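Single chain ahead, written as structure tokens, the form predicted on its own.
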């Protein structure tokens, strides 16, 4: 990537589509509806909007400004800021890579369900089918020695597709795929939402969004949930926005682009929730199951509740079912591309690898780690990885980035970078948010995340978390100590 890396997005539209594709993922489709419902319904939109501006847009602007100004990888950027900060970059990138290894597995499960959805092969009991037939789950850690062939094959297929995209140049790979998949994703969501609104009982579902519980606004956990959703949804701190912004040509309107991406992502979440809630309202009416029992998060919603819905939907399910799982697949692939791009870029920049070589190395290691999740104990281990990496490690990484770019680096230079070409400008208020307000909010989320992760963990979970902690400490220092093969890596950018 060293030589190729000087390439740029061939248009601002390509950049915006790639950024929206990176943000729109599993968190939008199956996490947001549950968070919305569990935290006051319509009233949750107030802390959500506050969080979007205070946390989401504010931090995305930091990443845009840093990436655009330095036009290089995260590892070299932090080395330039201070030569002792390079381990922080590899710490962030390792977190992103480990998150990707299990994210690929979840997308792999969805690939299986794309095929199953044409015949409703999950049968009359989707819950048992998912846990026993698809995952072949084991309650024992010994299940790690039992490979689940279908899951392994689907995981390998997703990694192969990711490699094929990443190995090609920026615009022919990520750019072209984003231009194809994101419009298709939007069309599918529009079709699903439009159809869902015609279902009996739909109104009882989507009105949940517009039925506020104002008392929830006094609950600090609701505000923390809003901040958490923004972090998860916009992939804050994962070096995605920073990496993509580094490919922007001179004269780009950074603030304008950030607002377009943030509002598009949130608009997708809310619009998609109307369809999800409408379908669950239909399910509650026809099955007699209380609505609050249906509103769940993650795999339970996608691979258990929705197959139950499709079982009673009639002939339309043969169309809506595959579209729903294709929606998750497309959103997953665009997010995987974004997650891996920053990792590949930093490896290429330091070790002078070509784009193809770095993608090959990253994807091979990724397949090996992801195969752990394609075992009988895979879903259990995946849950531990997800809780630890998102609730503890990632939030800590975001906190570090806030401190580094807010206090260590000359923040006024970022303001100048953002305002240079943008029609909308930022100033002292944004500076105060990044330097003071944002770190406090992230610290609150981090403390809550540590508590919830440790208080719910058993001995096996704590052991896995301890191993991950050691890996997250040792590996970044190994990458830092490895000598750069790129002669320019240690030449700080002025």
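Residue numbers count along the first chain shown, from 1. What you see is a predicted model; the values in this text were computed from it and never measured.
The next section is about a form of this same protein that is not shown, the form predicted together with a small molecule.
Contact check for residue 266: every heavy atom lies farther than 4.5 Å from the small molecule in the predicted bound form.
Shown alone here, residue 28 lies within 4.5 Å of the small molecule in the predicted bound form, counting heavy atoms only. In the predicted bound form, the small molecule sits within 4.5 Å of a heavy atom belonging to residue 99.
The small molecule in the predicted bound form is approached by residue 232, whose closest heavy atom lies within 4.5 angstroms of it. Candidate site formed by 22, 238 and 339: every one of these residues places a non-hydrogen atom within 4.5 angstroms of the small molecule in the predicted bound form. Proximity to the small molecule in the predicted bound form, defined as a heavy atom within 4.5 Å, holds among 162, 335, 154, 178 only for 335. Listed residues 390, 311, 131, 352 were compared with the small molecule in the predicted bound form; 390 is the one with a heavy atom within 4.5 Å. Of the candidate stretches 189-197, 165-173, 246-254, 99-107, only 99-107 contains residues with a heavy atom within 4.5 Å of the small molecule in the predicted bound form.
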